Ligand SMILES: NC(=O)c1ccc[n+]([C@@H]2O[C@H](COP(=O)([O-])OP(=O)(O)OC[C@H]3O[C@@H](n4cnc5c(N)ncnc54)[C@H](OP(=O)(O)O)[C@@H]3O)[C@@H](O)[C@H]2O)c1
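Only one chain comes next, encoded as structure tokens, the form predicted on its own.
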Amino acid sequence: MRYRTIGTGEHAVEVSTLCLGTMYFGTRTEEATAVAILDRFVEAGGTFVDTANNYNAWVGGNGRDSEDVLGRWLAARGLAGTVRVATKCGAAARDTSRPLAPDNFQGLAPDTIKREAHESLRHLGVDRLDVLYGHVDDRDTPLAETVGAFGELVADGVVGSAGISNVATWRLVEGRDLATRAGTAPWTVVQQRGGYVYPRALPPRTDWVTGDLLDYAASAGVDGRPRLAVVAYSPLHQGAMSRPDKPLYAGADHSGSRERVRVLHEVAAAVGATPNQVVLAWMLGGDVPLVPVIGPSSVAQLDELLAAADLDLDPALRARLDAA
């Protein structure tokens, strides 16, 4: 396993370059299997796990099922404070009697952020959230209020690094600038959907890793522009990178993506690796390295993905992937 630094200043921490997503832990992935995956991840050197306060609410869970599984596992293994945990707030149901949908999200008002952060501490059984993301940008709440609430949690030691997810690049930039001008901790981690394929240009989508976002991240890490780590979820499109029977989604199902997948399979054959491993290695080895969130449902799937952490692509093959 390899590692990189996220956060800035005294709040900077080292994390594994692969982040383990735990979305279905406690529901679709039963707890015994989840624990086996977590144990294997740590055994392989993994130190970064990802959850949220609304996961599984759409498949019969209570929303915090994966936080609870993680909390019990951290306590049983004595790993609180060693394994870095990222969770999210803002996209749980505001009205639990209604279906979870964007028009029923809690949003990112200051009181909501602070309340949900402390609830996550309780469910995870930890003293600090290493990363807390705003799960989905909330344009109905003044951005300065949202940013200020995250900054207060960092100042109080409740959160190590503040982050935002599913956000337009201009909103991310504006939020970070507001925090800097106010003298409070800015967002230093952003999590977007991303991988080797891209969505159609229209309609505009604000939840994907884009060239503009990567360009901005490359310019960070200097005075007045704190470091920014880019985390990418759903990098393997739920198996569609390796299985032709699985569809691309979220706007990515078009001829350009299908051509990239074809080239991906050719490169994987040339390398002697699986398409999934090549996708992750491509993401890890870019000019702006991404932190992929992997979501295995078995130890066997995890072992395949772990091999990508140490896979370096030949420059000529990488250029071929880039050009497709």
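Quick caveat: nothing in here was measured; it's all calculated off a predicted structure. Note that residue numbering begins at 1 and tracks the sequence as displayed.
The form predicted in complex with this ligand exists for this protein as well; it is not shown, and the discussion that follows is about that form.
A single residue from the set 254, 227, 72, 246 has any heavy atom within 4.5 angstroms of this ligand in the predicted bound form; that residue is 246.
Checking 120, 169, 234, 106 for any heavy atom within 4.5 Å of this ligand in the predicted bound form turns up a single hit: 234. When contacts are defined as a non-hydrogen atom within 4.5 Å, none of 11, 141 and 186 contacts this ligand in the predicted bound form. Figure note: of the listed segments 212 to 220, 76 to 84, 141 to 149, 158 to 166, the one touching this ligand in the predicted bound form, with heavy atoms no more than 4.5 Å away, is 158 to 166.
Contact annotation for residue 297: at least one heavy atom lies within 4.5 Å of this ligand in the predicted bound form. Although the partner is absent here, residue 41 sits far enough away that none of its heavy atoms falls within 4.5 Å of this ligand in the predicted bound form. Although the partner is absent here, residue 239 sits close enough that one of its heavy atoms falls within 4.5 Å of this ligand in the predicted bound form. Taking the partner from elsewhere, residue 48 is found to have every heavy atom lying beyond 4.5 Å of this ligand in the predicted bound form.
Of the residues in 182 to 221, only 191 comes within 4.5 Å of this ligand in the predicted bound form through at least one heavy atom.
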